[in-house]
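There is one chain below, alone, in structure tokens, taken in the form predicted on its own.
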Amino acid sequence: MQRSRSRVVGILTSGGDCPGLNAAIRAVVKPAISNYHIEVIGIEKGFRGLVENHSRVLHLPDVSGILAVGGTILGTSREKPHRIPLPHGKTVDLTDRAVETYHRLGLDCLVCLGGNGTHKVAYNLMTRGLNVLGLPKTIDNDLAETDITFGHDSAVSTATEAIDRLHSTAEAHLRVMVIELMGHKTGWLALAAGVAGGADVILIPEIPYDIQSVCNNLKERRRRGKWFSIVAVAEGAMPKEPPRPGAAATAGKDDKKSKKKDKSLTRLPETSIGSRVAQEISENLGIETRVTVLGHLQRGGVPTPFDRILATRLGTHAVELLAEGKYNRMVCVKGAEVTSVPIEQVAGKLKTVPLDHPLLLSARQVGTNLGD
């Protein structure tokens, strides 16, 4: 048994769930208890659990068999201590309660598994005198100061499989299939899945798209005998020019007259960027177009082997930091190395896809249209 400067630590998962959370929890709890005799207290329901003191001591049996399990045994939420929702849309700042719970539990450090919002909250708690450690979790892979986040590879795998499946139905019906993927502000997920799935068009937030460029590409494909196409769209993708009023207003509506006029109209909610792109393709080219919004399927399921390994490496490195008494950092990946950076370098920062990123360049080399 090795000596540790940390005696009692808390651990919570916050923000959207993703594959690999349980693997990371396991990677913290097992060595903390077995190698350093650190007591680990699980905080349930994310930061709301810290405010309301929903906690329990974790033992080795609690993390047995969870390596390949999706979700999180601790539960999660998107609520933040400084903005806890109240009825009628109001919020209240309960940061003081979170600080009180931390001290009441006798924690030496709070380990926070999450993405951008989680690390911003962790930084705010640090400024209130709490010790924190962060583990980078997000399917979007948009956290600053780390090459990769756990959950991303699993989401890419799920999205790629969906694109693979759309290929066969697109080819059978000679259609354009639009698939909308997650990624409000960055295109890492849509880009990776689009390249892996062989999408013909990939639209991401970092590159405002020109619908004429997209349509010209699809038209050229048909001229060359490619009668079906796959368009992968990140949910945060934006056109270079705002769409004309009502351009996609009929998408998804049960309008018998409009269906008789144009059977190629898509059937999707008007709020979806995927439906807007599909509608514009239909109107411009008269090509039968369908759209799939993958949604929360990208968050679910078991983690890939890559994410299980990554979460394990990140979690065990966090325990080494706990044992050494090195707090207020986020564990991260730099090249082949697992290391850590001060959490203030992460909080409030966003890692977008550089326009000269090798994956973007490779996509262009194989003829993928990026909407520009």
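All residue numbers refer to positions in the sequence shown, first residue = 1. As the structure is a computational prediction, the values presented were derived from the model and not from experiment.
We do not show the form predicted together with ligand F6P, though everything after this point is about it.
Undergrad: Which among 208-216, 192-200, 145-153, 179-187 is in contact with ligand F6P in the predicted bound form, heavy atoms within 4.5 angstroms?
TA: In the other structure, the partner sits against 179-187.
Undergrad: So, Gly10 and ligand F6P: in the predicted bound form, are they within 4.5 Å at any heavy atom pair?
TA: Flag for Gly10 set to no.
Undergrad: So in the predicted bound form, does Arg104 come within 4.5 Å of ligand F6P, heavy atom to heavy atom?
TA: Output for Arg104 is no: heavy atoms all beyond 4.5 Å of ligand F6P.
Undergrad: Considering non-hydrogen atoms and a 4.5 Å limit, does ligand F6P approach Arg128 in the predicted bound form?
TA: Residue-level check for Arg128: no, no contact with ligand F6P.
Undergrad: Should Ile204 be counted as a contact of ligand F6P in the predicted bound form, where contact means heavy atoms within 4.5 Å?
TA: Flag for Ile204 set to no.
Undergrad: Exactly one of Lys226, Arg165, His296, Lys240 has a non-hydrogen atom within 4.5 Å of ligand F6P in the predicted bound form; which residue is it?
TA: It is His296.
Undergrad: Sort through Glu79, Glu171, Glu235, Glu283 and report the residue having a heavy atom within 4.5 Å of ligand F6P in the predicted bound form.
TA: Looking at Glu79, Glu171, Glu235, Glu283 one by one, just Glu235 meets the 4.5 Å heavy-atom criterion.
Undergrad: Can you list, in sequence order, the residues from 44-64 that come within 4.5 Å of ligand F6P in the predicted bound form, counting heavy atoms only?
TA: If the 4.5 Å heavy-atom criterion is applied to ligand F6P in the predicted bound form, 44-64 yields nothing.
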